[in-house]
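Read the single chain below, which is given as structure tokens and is the form predicted alone.
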Amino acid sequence: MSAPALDAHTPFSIDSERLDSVRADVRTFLRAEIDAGTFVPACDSWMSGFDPEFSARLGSRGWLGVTIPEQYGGHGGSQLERVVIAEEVLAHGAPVAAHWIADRQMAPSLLNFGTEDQRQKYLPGIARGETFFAIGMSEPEAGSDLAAVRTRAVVDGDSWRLNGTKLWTTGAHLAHAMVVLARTDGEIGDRQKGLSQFVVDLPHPSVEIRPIHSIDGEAHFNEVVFHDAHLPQSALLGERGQGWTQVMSELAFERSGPERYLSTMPLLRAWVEELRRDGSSEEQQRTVGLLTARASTLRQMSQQVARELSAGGHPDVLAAMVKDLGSTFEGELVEQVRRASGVEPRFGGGRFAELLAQGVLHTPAFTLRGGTNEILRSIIGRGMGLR
């Protein structure tokens, strides 16, 4: 699999013949998996659908680590190929949470900032769907304001000592490693200066992982406490003091992907199937049309970010726009489908009612994770020269 040459102005068609072939293969696989009963389509499956065996099956087909060079066990493909695969697994509600963070943003981060030893250690497992990562950014006193993090790492001989608390850390209880943003120099008032990143292998004897139960009764999030955790010098990711720049690079991947507007797409697909079977009113057809048009617009924006990332760009502002508009759309989709369908969200009330219930319960988190929309609008305003 070879990567196409792209720059930020290359005419972009995600429906090219080669990408269509990838999409068809993934769809065939996913439909076979559903028919075999290996998973049931669900809303928000990239956040809550942990299934390591399913991740390994994707990895064995070359659909993880697509952009990782072959020398590190990857496939040397393009960001656009990864987007095609991501769109299909999300639209089908497949259980991809186990590998999602590692494949989406830790692989690019390790390639951009990691040492050769770090790349050799983690990337092959990511490509196989066997090495999972969590991200330690948000904190109790800082929230999504990453420049206010208080977690601190200090040099202790030939090692580091890490103290602090991270909050809303998805999948830390299942991850093999966690990337942590910590202050290594200066004070909290220095904001973006003096921050660095570390790769912490898990489990760790001095790292406490406490589950946080969400409204649906599940525990996908965690509070992670570092009790004077000893880390080797080799745990530093990138350059000391360059953590802010590195994190901003990662967040473009986190905030712009199709998961920011497709989390509730399985619900819309299920509703359309109901309408095809039972008939539809003019109002219901209009609702489907408007939701589809908004999803299509968000898709174009997300693809533009993928194109700029492929060309080595830094589309931070556009990525923030995708996350703001996309995560708002995900919640509004649930509410509009609920109103137009007249179905009560309920577990045990049939597949469509259950998907609706999943969407309702997960909606409060859509605009919070990956940076609250208030923070994102601040980034957008600054990028547009309004601040």
Partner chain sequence: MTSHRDDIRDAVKQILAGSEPTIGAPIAHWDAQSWTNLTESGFADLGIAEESGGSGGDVTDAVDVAATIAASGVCLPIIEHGLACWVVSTTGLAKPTGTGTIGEDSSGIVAEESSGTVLLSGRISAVPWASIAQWLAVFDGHSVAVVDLAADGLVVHPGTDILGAPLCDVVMTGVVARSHAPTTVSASQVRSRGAALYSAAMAGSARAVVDATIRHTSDRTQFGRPLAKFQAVQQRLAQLASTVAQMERAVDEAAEALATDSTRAAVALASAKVVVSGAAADVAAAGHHLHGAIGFTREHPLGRYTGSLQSWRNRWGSADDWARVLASQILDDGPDLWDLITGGSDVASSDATSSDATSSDATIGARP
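Residue numbers count along the first chain shown, from 1. In this text the structure is predicted, and so the values were computed from the model without any measurement.
The same protein also exists as the form predicted in complex with the partner chain; that form is not shown, yet it is the one meant from here on.
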| query | finding |
| --- | --- |
| Non-hydrogen atom within 4.5 Å of the partner chain in the model of the complex for each of 154, 251 and 254 | no |
| The partner chain: the contacting residue among 282, 187, 158, 116 in the model of the complex [heavy atom, 4.5 Å] | 282 |
| One residue of 88, 130, 223, 316 in contact with the partner chain, assessed in the model of the complex (non-hydrogen atom, 4.5 angstroms) | 88 |
| Residue 367: touches the partner chain in the model of the complex, heavy atom cutoff 4.5 angstroms | no |
| The partner chain contact at residue 378 in the model of the complex, heavy atom, 4.5 Å | yes |
| Contact flag, residue 290 vs the partner chain in the model of the complex, heavy atom cut 4.5 Å | yes |
| Residue 202: touches the partner chain in the model of the complex, heavy atom cutoff 4.5 angstroms | no |
| Contact stretch among 188-196, 170-178, 271-279, 225-233 - heavy atom within 4.5 Å of the partner chain in the model of the complex | 271-279 |
| Residues from 47-80 in contact with the partner chain (non-hydrogen atom within 4.5 Å) in the model of the complex | none |
